[in-house]
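Only one chain is included here, represented as structure tokens and corresponding to the form predicted on its own.
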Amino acid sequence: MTDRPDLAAMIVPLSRALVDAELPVLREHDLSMWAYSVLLALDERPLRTQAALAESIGADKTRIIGVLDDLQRRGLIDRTPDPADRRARVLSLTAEGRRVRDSAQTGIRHKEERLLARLSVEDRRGFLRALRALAALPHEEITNA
């Protein structure tokens, strides 16, 4: 019955190693992992509230307030009043935030490409296709499977 290790037993060490590989790139850009996650999340579209952002990146909303303050102070994000609800803030990337995000992502992707180059072209395509499919599943579908 042990034709392969459990998925988590394979993915967790790989994930930790990938994070360790990303950290020097993020340090070069003066970004924490949470800050980078925020910049990636805001690329898709502006978000209406800090709570919505926190949920989208899997963070506690109180944890990211300091991250948002720092990103705004550095001119990487804007927090503007929501015209529909003046109590809420719309979060969006600035041009400088997009530049920093793109530069960090390019460095990270370069490291990923070196890792993926160890796979055949066919295995690489299959791995990325399967990873995208599994990553797109709702959390509940994975935990209740």
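Since this is a predicted model, take the numbers as computed values, not measurements. In case it trips you up, residue 1 is the first one in the sequence shown, and so on.
The protein also exists as the form predicted in complex with the DNA; that form is not presented, and the subsequent description refers to it.
Next item on the list: Could you spot which one of 92, 37, 105, 50 gets a heavy atom to within 4.5 Å of the DNA in the predicted complex?
Entry: After the contact test, the surviving option is 50.
Note to self: When the contact criterion is heavy atoms within 4.5 Å, does residue 88 count as touching the DNA in the predicted complex?
What the structure shows: So residue 88 counts as contacting the DNA.
Margin query: Quick check on residue 120: any heavy atom within 4.5 Å of the DNA in the predicted complex?
Written below: Judged by the heavy-atom cut-off of 4.5 Å, residue 120 is well away from the DNA in the predicted complex.
Note to self: Can you tell me if residue 65 lies within 4.5 angstroms of the DNA in the predicted complex, counting non-hydrogen atoms only?
What the structure shows: Contact check for residue 65: yes, within 4.5 Å of the DNA in the predicted complex.
Notebook entry, point to check: Any chance residue 98 has a heavy atom within 4.5 Å of the DNA in the predicted complex?
Noted result: Taking the distances in the predicted complex, the answer for residue 98 is no, it never comes within 4.5 Å of the DNA.
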